[in-house]
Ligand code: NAD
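Listed next as structure tokens is one chain, alone, in the form predicted alone.
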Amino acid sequence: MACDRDDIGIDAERAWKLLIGGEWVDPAAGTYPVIDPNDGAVVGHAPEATAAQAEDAAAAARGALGVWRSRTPAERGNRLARLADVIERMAPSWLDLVQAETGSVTSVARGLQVGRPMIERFRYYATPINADADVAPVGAEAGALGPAGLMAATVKRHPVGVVACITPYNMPLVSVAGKIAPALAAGNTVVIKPAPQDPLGVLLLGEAVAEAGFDDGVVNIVTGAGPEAPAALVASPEVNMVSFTGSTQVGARIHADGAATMKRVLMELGGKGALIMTEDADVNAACTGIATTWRLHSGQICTAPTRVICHRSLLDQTTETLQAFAARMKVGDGRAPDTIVGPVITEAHRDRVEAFISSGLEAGATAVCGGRRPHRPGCFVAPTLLVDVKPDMAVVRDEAFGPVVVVLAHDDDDEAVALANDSCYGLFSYVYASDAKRAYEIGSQLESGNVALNTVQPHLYAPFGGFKMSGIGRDRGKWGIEAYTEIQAINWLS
């Protein structure tokens, strides 16, 4: 339903446009409604780009590449620093809109969606990072290729070229910042295709880019609810690389479709985070971490610790503690000050999460809490805790991307590691144990790109990415620069 959003400072009738080649362009395929998952109200009407407009954006990025990559790292860093300053000034005015389109509770909207993590990603890459390296000289014997001598080499990093950044709905601005900041710092130009559910905040970011003084065409933004625009970017010979965050299924299609033009890919895909608790684990600390699955954006986080592998001696205590945590979490409109668990992104996604839970119950799992739709309109799923699960159940193996936690029991460390590794995913895992050395030894055996010990907080500048079906490549920190560059070895004989 459409309604006046003046009460929360949103102009639902604003005419949004695409950013292509430094110009704001009318969408050739019209618009589509962006819906507030709290109440079904229309937040705004997003532009629907055609495949041709996506190609125009890629061509604009290609046209700007020569100028942008020729700028020194310091010059590019100055633009990024300026952008961070502009965002810091403008972001508070974005809060209402971004909160409405994402459904985030206020703490997440302020702290993550438009908060410091987004801004600091631009500031971090504003300081040039040198990823070049020298190779130790080696002796070369005389032969068919030349005389004897000492072979030396240096390794240079060059920008990949035009990067299509296809981003997810859960953290739209933070995800975009995490992609375009290192890509731009490395000398690439970009075309951003945000998720269809909440693209309006990303278009506001485009306004900040324009104010920060980037060359026309360095940053382009196309939006749309249909597959035409992203498919055109993946197929385009103008695009050298696709940086994608989203589901494993979509990532696999992008990887396959991009193969025809040898697209470089950076993929951060699904997860089914395992959290191991040994018999000496601090139960309250572990459960506080596990409960982030419910309270941090309603479980719509790929790194969430959704699969608890608890020592059998702690099973009852852990279940009771988690049940008590869930009972204190109010489900409701994300704008209400006492809401802990807001909505999931759409009615369709709510239905998928509900079907996921039902499949577990039908297979023999028990819902300690949750499992039923809250008695209120909107896209809400109550915090759900499933026990009596088996390793082969879909609720243990598949990603819910919602506020659902499952608990399995183990009897020793070897069994815990085997259960944790019995997954097609390997993005983020966790170990809680009083003995730090033991926690480290368990963590080092996990088939996971990231492991946290006695915490669920990540290091913001450590390499981030997944094993197995959780992705390809790494970003963050200096690895972010490496991800968006090609390696060139220059060799000489002396």
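The structure displayed is predicted, hence computed values, not measured ones. Residue numbers here begin at 1 and follow the sequence given.
The same protein has a further form, the form predicted together with the named molecule, not shown here; the description that follows concerns it.
Just one of 107-115, 248-256, 332-340, 376-384 has heavy atoms within 4.5 Å of the named molecule in the model of the complex; which?
Looking at the other structure, the answer is 248-256.
Sort through Gly271, Pro305, Pro403, Pro199 and report the residue having a heavy atom within 4.5 Å of the named molecule in the model of the complex.
Flagged contact: Gly271.
Just one of Ala231, Ala140, Ala131, Leu95 has a heavy atom within 4.5 Å of the named molecule in the model of the complex. Which one?
Selected residue: Ala231.
My question is simply whether His297 lines the interface with the named molecule in the model of the complex - judged by any non-hydrogen atom within 4.5 Å.
Residue-level check for His297: no, no contact with the named molecule.
Exercise: Glu238 in contact with the named molecule in the model of the complex, heavy atom 4.5 Å
Heavy-atom contact with the named molecule at 4.5 Å: absent for Glu238.
Answer for Pro172 alone: is it within 4.5 Å of the named molecule in the model of the complex, judged on heavy atom distances?
So Pro172 does not count as contacting the named molecule.
Even though the named molecule is not shown here, does Gly364 get within 4.5 Å of it in the model of the complex, heavy atoms only?
No, no contact at 4.5 Å.
Could you list the residues in 161-193 that come within 4.5 Å of the named molecule in the model of the complex, counting only heavy atoms and keeping sequence order?
Residues within 4.5 Å: Ile166, Thr167, Pro168, Tyr169, Asn170, Lys193.
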